[in-house]
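Before any questions on how it binds or moves, here is one chain, the form predicted on its own, in structure tokens.
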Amino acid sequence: MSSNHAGMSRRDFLKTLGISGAGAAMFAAGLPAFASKESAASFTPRAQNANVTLQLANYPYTVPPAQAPEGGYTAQQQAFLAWMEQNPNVRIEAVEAPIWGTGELRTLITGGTAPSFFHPGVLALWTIEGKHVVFNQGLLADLSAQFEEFGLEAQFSDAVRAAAVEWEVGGARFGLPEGVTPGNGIFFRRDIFEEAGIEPLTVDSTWDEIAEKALALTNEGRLGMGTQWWGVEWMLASEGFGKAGLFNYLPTPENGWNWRFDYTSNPEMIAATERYRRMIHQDRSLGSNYGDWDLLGQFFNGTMAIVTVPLQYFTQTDDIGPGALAAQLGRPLDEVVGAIPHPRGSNGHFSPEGRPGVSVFSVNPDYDEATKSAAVSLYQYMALGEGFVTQRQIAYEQTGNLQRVFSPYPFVGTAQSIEGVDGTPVDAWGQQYIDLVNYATTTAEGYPMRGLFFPPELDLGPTESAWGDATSLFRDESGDLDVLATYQTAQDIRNTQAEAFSSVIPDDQFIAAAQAYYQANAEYWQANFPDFYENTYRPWFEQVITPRLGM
């Protein structure tokens, strides 16, 4: 695998691609250099008389050098330079800034030295509600006027508009969508399954079935399965559990902080955790200390048969992507790599990790309207407009490779085809992947997100350190470990921390929001997963939630 990706954590990976992929930045990373056009060498940054300055810290775009590098400018750089030619009033500066550390980024913003673009998840515990909070704190620019100025929403795909909670709160827009993911999921090596005489995974596979097949596929040279450091959370999320899962995050309007944590009332949570530990420490069929790119590399090399990764990596064109693997083996992609969403829970629950999502980046909140407009103009050109199309046309012209054109896929914009390109996403990635995207999108349609219902707070609330300590023990402690006691400790610490916070949402507003949120859950589960609704959600709501809301 590529050494420059080795050992990357989830956050490290976001430094390069952004959560869920970084649109043109991710795409251009795999493109050939483009130096054959005379215009490539003639472009130079024009900013001598600029009245607006944008500073980029290598995200989401890399500032092109003034002189063409050896081998020429990449397709992304060509598009960037074309935008600069059209906007001579804007000065572009490349800067170094620690935008991937929470404390460091907050210091940059509060000190007035933040670059133009950064990922709001760094400030927000990588949650939607957290992004709403940091916008409420004034750490993200309000881009509402620029959304109107450039008519952005009309240019977004249905998936992006459906996920407005990821870039909008209270009618204000705080994020620029950079990538669409069909959700987190699982890749499996169809060829290895076939060779071992094991039936492939399907959208109906369970975690128990996956555990059995991972064990059967494990040998001296291969782990049956690999997950990230936080892999236990995938299994928990399928059952409705997690650090703030449906069954773990309970409304408490009578207290100063409106939420409390419950990690000890659900035996199914203990059982899912013990299965995870059994796979690691007894079966030795699961490795759970990897970053995304480590997993892709092991998958490519055949040293893991099953890996958990964001599903849009199916359209990754790097040298360890599924397309490169199929090409190396000389077989069609759909004969080599299979992909499924995370399984439903044993109770029939649909994992929120399987929900399609949208990655966004934000803008320096200190910018005036002219500078914000310049930033959004660059974004619109590169992610939705002429520059986006140009990059993909260059890829097609130079390589004839449809996978280079349609990566990452789905696109953020309304158009899911490229003018002048003879081929479709199906031709590039196969009908199975397109069907998976459609399955994930339709299954998750209407899934209730807390951020849609609750006004933003001014505080993020308790830290995640106690949860992280617990999940680290589950992963690393090979001896006897009392899972319930470990969860009890995490619960106690987080609830004690919660007592130090106060909500800014009046109780009547919070209760009304909570009632609407749980009613939306009832409607979603009853319509889509009626067994889960009748057997699990409704009894839990009546016994646990109703008393807390005085209903």
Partner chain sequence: MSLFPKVGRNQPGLRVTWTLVVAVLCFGIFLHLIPFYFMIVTSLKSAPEIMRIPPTLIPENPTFAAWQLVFQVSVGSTILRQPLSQYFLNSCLMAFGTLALSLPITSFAAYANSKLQRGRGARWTFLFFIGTLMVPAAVTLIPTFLLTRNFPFPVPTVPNIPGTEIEFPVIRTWNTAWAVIIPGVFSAFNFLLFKGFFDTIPNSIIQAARVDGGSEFNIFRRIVLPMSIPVFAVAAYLQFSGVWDSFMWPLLVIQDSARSPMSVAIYNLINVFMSSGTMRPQASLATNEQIRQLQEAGLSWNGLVVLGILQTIPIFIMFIVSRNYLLKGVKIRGLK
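The term rigid core refers to the most C-alpha atoms you can superpose between the two forms while keeping them within 1.5 Å. None of these values were measured; they are calculated from a predicted model. Positions refer to the first chain, counted from 1.
We do not show the form predicted in complex with its partner chain, though everything after this point is about it.
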In contact with its partner chain in the model of the complex (heavy atoms, 4.5 Å), from 173-181, 189-197, 259-267, 372-380, is stretch 173-181
Are 168, 387 and 423 jointly within 4.5 Å of its partner chain in the model of the complex, each by at least one heavy atom?
-> no
Residue contact check: residue 113 to its partner chain in the model of the complex, 4.5 Å heavy atom | yes
Counting only non-hydrogen atoms and a 4.5 angstroms cut-off, does residue 419 reach its partner chain in the model of the complex?
-> no
Heavy atoms within 4.5 Å of its partner chain in the model of the complex: does residue 404 have any?
-> yes
Would residue 412 sit within 4.5 Å of its partner chain in the model of the complex, counting heavy atoms only?
-> no
Of the residues 526, 515, 509, 58, which one places a heavy atom within 4.5 Å of its partner chain in the model of the complex?
-> 58
Among the candidates 505, 52, 484, 63, the residue which, in the model of the complex, approaches its partner chain to within 4.5 Å (heavy atoms) = 63
Of 297-333, which residues get within 4.5 Å of its partner chain in the model of the complex if you count heavy atoms?
-> 297, 298, 300, 301, 310, 312, 313, 316, 317, 318, 319, 320
Aligning on the rigid core, do we see the C-alpha of residue 514 shift 2 angstroms or more between this form and the one not shown?
-> no
Is residue 208 one of the residues whose Cα moves 2 Å or more between this form and the one not shown, with the core superposed?
-> no
By the 2 angstroms cut-off, has the C-alpha of residue 490 moved between this form and the one not shown once the rigid core is superposed?
-> no
